[in-house]
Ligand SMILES: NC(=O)C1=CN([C@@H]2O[C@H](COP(=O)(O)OP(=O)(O)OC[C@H]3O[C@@H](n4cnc5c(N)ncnc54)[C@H](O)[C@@H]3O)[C@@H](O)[C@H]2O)C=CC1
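Shown below, as structure tokens, is a lone chain in the form predicted alone; questions about how it binds or moves come after it.
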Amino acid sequence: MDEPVLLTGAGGRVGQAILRGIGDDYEWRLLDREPLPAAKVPTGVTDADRYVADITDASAVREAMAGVGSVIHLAGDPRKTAPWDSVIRNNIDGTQVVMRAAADAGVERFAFASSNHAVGGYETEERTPDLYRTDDDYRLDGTELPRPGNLYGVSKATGEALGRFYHDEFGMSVVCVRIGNLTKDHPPREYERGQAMWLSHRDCAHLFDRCLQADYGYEIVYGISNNDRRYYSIERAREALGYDPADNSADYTFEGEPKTEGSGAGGGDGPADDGEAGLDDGPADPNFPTDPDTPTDGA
């Protein structure tokens, strides 16, 4: 790929997982609301390719978009409890601004960071907690209608609909990745739901690499690792993108420790923690990440 890739929300946990995994493989344009420290920027990315801007600033977004071939759009308010005014501004209006700029610039591929919260309403009292266990065969595969579990999920479902529009209207290839629970060194600890939707850092980087490389039209896929325990299907990600995840939450105990021979299963009936299995249940202000090297249980 000769043209640059624009990564919005580059300083967040998902952005950092991507950059730490495939940061040397592409020419990047990095956009974030705050200046990125050197430790978060891959070698070779110049100051000229680092943009400090709000994604609702159409002129700034168009400037960052000029000449890019692909976009990974992560920026937004990641809080499951985000108030409606923030959801509208950061997640809906901001996504519209970025997608419109991409279409106008002739961008070929657009990867949108959706969320498990776009379908959180399928986790009904009747289905849970069995839904999170290996002997339950219920699967969401991306063909189901959105069923948001909160206003944040509403914004992600709206982003998916915007992606459908820009694909149909402008021919831009769009993939919406419903990201599960991203943690770095181990699955979320003592949290069934999080372990069922775990996405490791290396699988995250690999998945978005495939979003940049594969040929597709419009797709909705689930962004989780190859977990034995899962209620999201990754078959469409395999088929449409060539996704081949390496990690599995079953390789860890319920407490999040790597299993050793003879250690037995990690359990599955323990209490969940109070963490949230969203895209990144971040701090009060969107796009202000915690240290990406710190495990983020329940993030």
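As the structure is a computational prediction, the values presented were derived from the model and not from experiment. One rule holds for the numbers: they count along the sequence shown, beginning at 1.
Another form, the form predicted together with the named molecule, is not on view; read the next lines as being about it.
Participant: Quick check for you: of 135 to 143, 213 to 221, 99 to 107, 150 to 158, which stretch puts a non-hydrogen atom within 4.5 Å of the named molecule in the model of the complex?
Facilitator: The contacting stretch is 150 to 158.
Participant: Just to be sure I understand the contacts: of Leu74, Val119, Leu207, Val174, which is the one whose heavy atoms reach within 4.5 angstroms of the named molecule in the model of the complex?
Facilitator: Of the candidates Leu74, Val119, Leu207, Val174, Leu74 is the one lying within 4.5 Å of the named molecule in the model of the complex.
Participant: How about Gly21: is it within 4.5 Å of the named molecule in the model of the complex, going by heavy atoms?
Facilitator: Heavy-atom contact with the named molecule at 4.5 Å: absent for Gly21.
Participant: Does the named molecule get within 4.5 angstroms of any non-hydrogen atom of Arg29 in the model of the complex?
Facilitator: Arg29: no contact with the named molecule in the model of the complex.
Participant: Would Asn90 count as a contact of the named molecule in the model of the complex, using a 4.5 angstroms cut-off between non-hydrogen atoms?
Facilitator: Flag for Asn90 set to yes.
Participant: Within 4.5 Å, heavy atoms only: does Asp54 come near the named molecule in the model of the complex?
Facilitator: Yes, Asp54 is a contact residue.
Participant: Can you name the residues of 108 to 124 that have a non-hydrogen atom within 4.5 angstroms of the named molecule in the model of the complex?
Facilitator: Sequence-ordered list: Ala113, Ser114, Ser115, Asn116.
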